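Heads up, the chain below is alone and in the form predicted alone; it's given as structure tokens.
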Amino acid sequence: MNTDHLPILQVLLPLLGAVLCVLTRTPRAAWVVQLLTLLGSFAVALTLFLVMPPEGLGYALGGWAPPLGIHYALDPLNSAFLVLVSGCALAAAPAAGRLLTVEAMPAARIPLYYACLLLNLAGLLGILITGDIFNLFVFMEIASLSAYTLVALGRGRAAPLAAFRYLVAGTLGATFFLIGIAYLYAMTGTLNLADLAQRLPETTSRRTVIMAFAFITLGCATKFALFPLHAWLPAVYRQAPAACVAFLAATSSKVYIYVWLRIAYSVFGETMRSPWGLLPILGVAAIGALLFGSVLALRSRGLRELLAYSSIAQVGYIMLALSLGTPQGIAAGLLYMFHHALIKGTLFMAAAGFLQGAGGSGPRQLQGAAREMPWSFATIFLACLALFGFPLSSGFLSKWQLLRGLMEHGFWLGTAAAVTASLLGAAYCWKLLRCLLDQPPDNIAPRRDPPAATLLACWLLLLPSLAIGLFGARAFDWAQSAAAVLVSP
């Protein structure tokens, strides 16, 4: 099978699909274009993952060899993320048309919505596949600008304000990231990631290297909402259209964590692991995210608000694992990223189902809904078990490997914080399930399970998570091999 041009096709397909969505005049036609584009994008990602040789794949744009030209590079790590991101987008697609109708989005805006979603997907896929750090920044801006627009398309007066806060935070993060790129280019004269990894150890200005790493870390941390740079995230997850928030929550933060992970280990290497590096600071921030996010999730009322604060805590788990700087910690962090993407996508899609079947996901709509919405309750029940780490779930496997890494490293404060956050996670999951099982309130309208397309989207995201839990040894073997590639010279 000829796969020579599949890397560039991975990015071009959603870009072309976005243009076609804008050219269509009806929501139905735009939905069909979006669905076909997502099917093609997922097929390309899956093909690249399955046929990629052990040494990886490369693609030089325009025939210009790196480091002069822009280079796309694939390995077992980012090819798996391509499947995850494109798969999450495809899983959410069947329910999008009905959800936009329920949210009363004007028909003229719906093709724009689909175009922005495909642009966001193109940006995220480009971030994952490019081997040029400035090209990565360009894709980051494509993903960010389209995400701001998606949030602004949400219903209610609060949506534009949430989008503005998102824009301010995203612009600050992008500025920090660009300053870090400028430092790297000033020291090495190259923007190719592989070339940077070779030239950076030869530089004599260690202080400049530290500053470059600090700015890139700060920019990425703002993008994936690491405590205390998280203030923009809850409003975004509450106000974004239900049709897209499941995709954004599942993929966006994980892609930006991947960016930091790839640059930190592939480019900075020993500089990052040095005693005066930033890993201990990231560990402290991760502990803050764990405790802060878990406590606020326990105090929250609506389902979307609970999931938003839970996402802050889950980012804390991931960064706590990655801050160890060990193969065990990195493998646990990678596994947790896949677990969180699938489970949080499932739960946000279930929240969208409550919008369709119960008129919303606030306390009144949730109370006692288990009897009238059994399929929705089953989805949330299984996802909650995985979220707080019930045995045989992907959450249990991820948290167990994280605790192993923390104890092997001797990071007892992080171990205590992870255990405490897990107990708080069990508490807010029980709070949610108890609300669903309570007696329904008086004079509430009849509720029913959402259409089959929404339930299908939930289960398409949930089933891979269940498979990770059931085949944990094989999943962790992949995570360890990916971590070994990152930490090797």
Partner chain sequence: MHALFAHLHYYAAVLIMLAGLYTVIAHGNLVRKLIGMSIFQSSVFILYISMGYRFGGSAPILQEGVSTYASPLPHVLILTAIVVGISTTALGLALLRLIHQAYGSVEESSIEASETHQ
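Because the structure is a prediction, the values reported are computed rather than measured. Numbering follows the first chain given and starts at 1.
Just so it is clear, the following notes concern the form predicted in complex with its partner chain, a form of the same protein that is not shown.
Visitor: Of these, 281, 168, 211, 416, which has a heavy atom no more than 4.5 Å from its partner chain in the predicted complex?
Guide: It is 168 that has a heavy atom within 4.5 Å of the partner.
Visitor: Looking at 231, 407, 107, 161, which is the one with a non-hydrogen atom within 4.5 Å of its partner chain in the predicted complex?
Guide: Flagged contact: 161.
Visitor: At the 4.5 Å heavy atom threshold, is residue 194 in contact with its partner chain in the predicted complex?
Guide: It does not: once its partner chain is placed as it appears in the predicted complex, residue 194 has no heavy atom within 4.5 Å of it.
Visitor: Can you tell me whether residue 392 touches its partner chain? I mean in the predicted complex, with a 4.5 angstroms heavy atom cut-off.
Guide: So residue 392 does not count as contacting its partner chain.
Visitor: State yes or no: in the predicted complex, is some non-hydrogen atom of residue 367 no more than 4.5 angstroms from a non-hydrogen atom of its partner chain?
Guide: Contact with its partner chain, no.
Visitor: Would residue 355 count as a contact of its partner chain in the predicted complex, using a 4.5 angstroms cut-off between non-hydrogen atoms?
Guide: No, residue 355 is distant from the partner.
Visitor: When its partner chain is placed as it is in the predicted complex, which of 345-353, 184-192, 281-289, 247-255 ends up with heavy atoms within 4.5 Å of it?
Guide: Within 4.5 Å of the partner lies stretch 184-192.
Visitor: Of 111-142, which residues get within 4.5 Å of its partner chain in the predicted complex if you count heavy atoms?
Guide: Those in contact are 134, 137, 138, 141.
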